[in-house]
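Single chain ahead, written as structure tokens, the form predicted on its own.
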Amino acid sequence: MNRFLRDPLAWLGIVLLIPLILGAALGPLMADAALETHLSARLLPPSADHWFGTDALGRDVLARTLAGARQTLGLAVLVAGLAAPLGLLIGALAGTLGGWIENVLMRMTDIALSVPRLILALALAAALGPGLVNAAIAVALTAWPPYARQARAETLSARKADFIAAARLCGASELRIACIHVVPLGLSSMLVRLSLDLAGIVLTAAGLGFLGLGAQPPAPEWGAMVAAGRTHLIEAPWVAGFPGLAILMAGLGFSLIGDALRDALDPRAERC
């Protein structure tokens, strides 16, 4: 933790994410303001009354951007909570059990990795139907394979360790060894990979929202807000610009924190 907090990139990532996290926490308080329409105040530029201006329906862009943080970041957290444990469990089982089970699980992983993630997410989201939960399931089903491969590699390196042999001598089953003894070994590396992948998850979630497969109108969501504002880029660039800036801040913040975590948890790094 001390090494992480001494990294200036970590603090920069935290500073970028703090306003977005606060917006997600305060999202319910801004739900009404984000949905109120005032056609007489449509496409107003940023001012003291509307810091981020208004959109084509006269809705406050600041309120919608902050409320949209709850949708996009919530989807990213939901995807992370589904994909990382699933990939970790599959990789640990494949590395521990071996044999035909390992071949089946790893060939499934290879098939999932061979398809571009965004295209597969789009296909799954279209099959499941539009909606925030369906979008999270679609993204999660495309995000687990890298975690599985990494977990399998770490499991293979630890499978012949003395404490694994001791667990077998005590009568522990292979499933218990995989879940109780092997899975915790990969948590630190999974945490680093997850923090780095959150940036890509946010972009994928925003892409699904941009195409209308995420949260449905009138719910505020960054990708959908950018899609709605793209027709007003010339006369009202703030409508799409501020949600796009929020996507940039989220992606950059998660990437910087992931880099700092990787450096802090690197066992080969010099300790002081």
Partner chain sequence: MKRAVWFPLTLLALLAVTFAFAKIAPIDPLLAVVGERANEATRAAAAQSLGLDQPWPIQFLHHVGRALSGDLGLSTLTGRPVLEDLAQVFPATVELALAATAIGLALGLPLGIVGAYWQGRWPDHLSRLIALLGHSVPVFWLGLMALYLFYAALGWTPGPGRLSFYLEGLIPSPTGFILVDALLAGRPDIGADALAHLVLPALTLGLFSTALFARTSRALMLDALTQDFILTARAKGLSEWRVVLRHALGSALAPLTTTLALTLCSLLEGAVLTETVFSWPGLGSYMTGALMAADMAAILGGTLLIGLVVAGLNLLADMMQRWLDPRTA
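The structure displayed is predicted, hence computed values, not measured ones. Residue numbers count along the first chain shown, from 1.
Not on display, but discussed next: the form predicted in complex with the partner chain.
Screening 153, 175, 187, 111 for any heavy atom within 4.5 Å of the partner chain in the predicted bound form leaves a single hit, 111. This chain lacks the partner; the member of 158, 124, 97, 80 within 4.5 angstroms of the partner chain in the predicted bound form by a non-hydrogen atom is 124. Here the marked residues 118, 211 and 234 all reach the partner chain in the predicted bound form, each with a heavy atom within 4.5 angstroms.
Residue contact check for residue 168: none of its heavy atoms lie within 4.5 Å of the partner chain in the predicted bound form. Shown alone here, residue 128 lies within 4.5 Å of the partner chain in the predicted bound form, counting heavy atoms only. Among heavy atoms of residue 89, none comes within 4.5 Å of the partner chain in the predicted bound form. Residue contact check for residue 22: none of its heavy atoms lie within 4.5 Å of the partner chain in the predicted bound form. Residues of 184 to 215 lying near the partner chain in the predicted bound form, listed in sequence order, are 196, 203, 206, 207, 210, 211, 213, the criterion being any heavy atom within 4.5 Å.
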